[in-house]
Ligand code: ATP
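So this first bit is one chain, no partners, the form predicted alone, shown in structure tokens.
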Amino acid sequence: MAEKLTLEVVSPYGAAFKDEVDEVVAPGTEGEFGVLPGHVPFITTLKIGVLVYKKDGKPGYIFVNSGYAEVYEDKVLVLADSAEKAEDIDVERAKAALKRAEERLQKKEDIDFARAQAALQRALTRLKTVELAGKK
């Protein structure tokens, strides 16, 4: 059995992360799931959320904007619509996006409600990712 997992997170914008890690916890559409080395292979969908990994006992945080996860015995491959490591998130930009989404949702007329809800969720999750990582 493998002692480490290769975690690879990619999006249409390129590779967001690749490293050997001890554990992965991801935001599945059917609920959060964890993966350790030697896990049974499966494929699942992801929702907007925070992917958490541990390497040498230290956690790392990655914002994922929906997608898929392919789990193998020694690898987790995440194919996300977009993804950002916590340290790469522009906090001011996320706060501005949150404000815009809240303003759109308050209008209640002439908006694409689902799109505005998704924008709100992405902004909130980016800020949560940064908060979890301790970068405020």
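Only a predicted model underlies this, so the values are computations on that prediction, with no experimental measurement involved. One-based numbering along the sequence shown.
There is also a form predicted in complex with this ligand; it is not shown, and the following applies to it.
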item	value
This ligand: the contacting residue among V50, A94, L46, V35 in the predicted complex [heavy atom, 4.5 Å]	A94
is_contact(I89, this ligand) in the predicted complex, heavy atom dist at most 4.5 Å	yes
Interface membership of A80, this ligand in the predicted complex, 4.5 Å heavy atom rule	no
Touches this ligand in the predicted complex: F113 (any heavy atom, 4.5 Å)	no
Touches this ligand in the predicted complex: K54 (any heavy atom, 4.5 Å)	no
Options 54-62, 71-79, 27-35, 97-105; stretch whose heavy atom lies within 4.5 Å of this ligand in the predicted complex	97-105
